[in-house]
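As structure tokens, one chain now follows by itself in the form predicted alone.
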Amino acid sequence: MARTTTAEPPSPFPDRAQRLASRTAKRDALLLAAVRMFNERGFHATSLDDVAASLGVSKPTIYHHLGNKDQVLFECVSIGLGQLREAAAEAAAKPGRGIDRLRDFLIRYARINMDDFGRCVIRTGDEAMSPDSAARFRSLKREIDDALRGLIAEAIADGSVVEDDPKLLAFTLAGALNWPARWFAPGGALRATEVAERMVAMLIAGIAPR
């Protein structure tokens, strides 16, 4: 007679993967709550108590997952700058004319700057940070600036952009596309993607050969 076996009941305790997923979800929720408050109220007017209260947790929970307020802010801007760095790398890897790669990056640049973490990058001055975080913040921003200048230089070199000063053009383009981080309001007549595409079309029209 064959023996029957009884399946072991599932463990009521989460395994390592479940614990990691739970920790990541909690960390992401804390960062999103923090960045939205920083953007709405400003860094100095936002306390970690405010962030904790918005999620119904204690301030030590934030310290446990993210660290102190300076570390929370640096993590928020690092996420935004990471999104911009990824966008620049993907645009640079595309085939075609330099102006087309530049256009792709600028649309994503503007779109990211209208989202939570990119908005925080634009709205945050390094004076709000500790000296160490401020230096790291400036270094990360230089990477984005260098990437933009590189895309511009390639477009100038292949003749698809008529300007001849990558530095000045980078300042001009970034300056124009940074402002939506301050005035764009979700839920308005235009979606963020539409704003980004229309603004970039205007800018590209001014630097393309005629």
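When you see a residue number, it is the position in the sequence shown, counting from 1. For clarity, every value in this text was computed on a predicted model and none was experimentally measured.
The same protein also exists as the form predicted in complex with another copy of the chain; that form is not shown, yet it is the one meant from here on.
When you look in the model of the complex, the only residue of 73, 81, 87, 99 with a non-hydrogen atom within 4.5 Å of another copy of the chain is 99. When contacts are defined as a non-hydrogen atom within 4.5 Å, all of 127, 165 and 202 contact another copy of the chain in the model of the complex.
Contact between residue 92 and another copy of the chain in the model of the complex is not found at the 4.5 Å heavy atom cutoff. Proximity of residue 122 to another copy of the chain in the model of the complex: non-hydrogen atoms within 4.5 Å are present. Put simply, residue 25 is far from another copy of the chain in the model of the complex: not one heavy atom of it is within 4.5 Å. Proximity of residue 60 to another copy of the chain in the model of the complex falls outside the 4.5 Å heavy atom cutoff. Contact with another copy of the chain in the model of the complex, judged as any non-hydrogen atom within 4.5 angstroms, is confined among 52 to 60, 25 to 33, 38 to 46, 65 to 73 to 38 to 46. Along 190 to 210, these residues reach a heavy atom to within 4.5 Å of another copy of the chain in the model of the complex: 190, 195, 198, 199, 202, 203, 204, 205, 206, 207, 208, 209, 210.
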